[in-house]
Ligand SMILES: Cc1cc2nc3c(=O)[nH]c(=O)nc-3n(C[C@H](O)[C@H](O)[C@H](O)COP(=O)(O)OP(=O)(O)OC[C@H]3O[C@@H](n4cnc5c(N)ncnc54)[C@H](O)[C@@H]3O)c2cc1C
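Here you get one chain, nothing else, as structure tokens; it is the form predicted on its own.
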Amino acid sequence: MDLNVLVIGGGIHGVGLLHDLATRKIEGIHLVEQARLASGTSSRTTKLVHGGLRYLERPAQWALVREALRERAFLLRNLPGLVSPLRFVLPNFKSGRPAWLVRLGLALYDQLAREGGLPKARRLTKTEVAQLAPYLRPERLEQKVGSGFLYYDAQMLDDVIVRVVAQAAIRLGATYAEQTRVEEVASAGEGFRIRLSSPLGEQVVRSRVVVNATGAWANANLLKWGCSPRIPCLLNVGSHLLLNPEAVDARPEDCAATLLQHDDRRVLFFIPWQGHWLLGTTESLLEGTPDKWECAPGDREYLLRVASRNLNLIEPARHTREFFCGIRTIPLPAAAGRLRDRSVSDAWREQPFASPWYLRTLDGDFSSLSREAVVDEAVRNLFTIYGGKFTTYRALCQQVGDQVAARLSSSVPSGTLLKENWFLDELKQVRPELFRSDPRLRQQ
């Protein structure tokens, strides 16, 4: 098989890029995934499509918030049913930020969203807070909350979106293969020779361009392929509890979501989702490797402590349906200089997560780190995607698609903004099973 582009990794950025390139009518584009599509972090998110309200505390991240809000509006318009509006109650705790500052932040959020298709934020009385969020502990609400605010974001079926995007790419001429591992990537002339293995055996393909969209494995793969990475990163674990509806004496469909701030100033979400309750997320450094989807030690207890302090839950430990985590890749380009021109040792090939390209310590907290993605080209025509938010995946993939198309001398622009390139109505008719979230992905 001779290819123009091989995309490695079947998460949202991998399939998003496959779709982007297919809308440009580029031939010979193929994706491989070592497990199943969306079997990694792309099915283990907090299920939110949002601008990131808390990022407004850092002006350097306002551009990312603006882009995320623009993409939120696009996804709401083009993926109805997969992305839906979500009400949020923001209690105004007496010991927290002053009400005028919260109001100012929400006004800025609405302004950045422009005509985003969702209602504007508004002030709530304490009584309205209790009606919209009856799961808040009454004594905490009575003693600690003066009033509150209502604002809107959106939520999604994350794994469903990945599969739908992949199928849209297929209808435009792309291909993909699951259960397919990349064993070797080697330079060959003006492109690459790639050795693949699957249950059907081994296969060797050639591709002019390779895109490494493997998330937490990005630098590990570069090291395995004999390439010296240029962007060190942190691996950040976000854990979640999915609770049965009986955990709260209220129906999820009648309630708004809320933001909870713990004593350590971390912000967590409590969200009605698919008839259940979702609590998350934590921010812990990964210990070990991402080969096993194990939540960080202490994360379950941390979430339950936050729940018991803020929420009027009925035996949350007994009503826990799932405990799952995703692994965020946070690029640290500012730390790249001290690793420049490092050669790849055999030890790092064997144990890549012990290499200096995966940092194990963090000065400060995760909230201080930018969530902007980085796209790097360690070797010509071998692109690696680091980080990124699910909400902004389409914009990021358009950016990468522009770079890849330029290398292939293609001038056709991205068509991912065009509704006809999504085939949503057709897919609902012929592949209705695609539109059901699959909890088994989070249990692997």
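Residue positions are given as counts along the sequence shown, with the first one as 1. Just so it is clear, the structure is predicted and the values come from calculations on it, not from any experiment.
In what follows, reference is made to the form predicted together with the named molecule, a form of this protein that is not presented.
4.5 Å heavy atom contact, residue 12 to the named molecule in the model of the complex: Residue 12: contacts the named molecule in the model of the complex.
In the model of the complex, does residue 221 have a heavy atom within 4.5 Å of the named molecule? Within the cut-off, so yes.
Against the named molecule in the model of the complex, would residue 182 count as a contact residue? Criterion: heavy atoms within 4.5 Å. Answer yes; at least one heavy atom of residue 182 falls within 4.5 Å of the named molecule in the model of the complex.
Taking the named molecule as it sits in the model of the complex, is residue 5 in contact with it (heavy atom to heavy atom, 4.5 Å or less)? No, no contact at 4.5 Å.
State the residue from 400, 32, 53, 382 whose non-hydrogen atoms include one within 4.5 Å of the named molecule in the model of the complex. Selected option: 32.
Considering the named molecule in the model of the complex, which of 88, 192, 225, 302 comes within 4.5 Å of it through any heavy atom? Contact check passes for 225.
Name the stretch, out of 403-411, 388-396, 374-382, 58-66, where some heavy atom lies within 4.5 Å of the named molecule in the model of the complex. Of the stretches listed, the one contacting the partner is 388-396.
Heavy atom within 4.5 Å of the named molecule in the model of the complex: which residues of 234-254 qualify? Read in sequence order, the residues that approach the named molecule (within 4.5 Å, in the model of the complex) are 238, 240.
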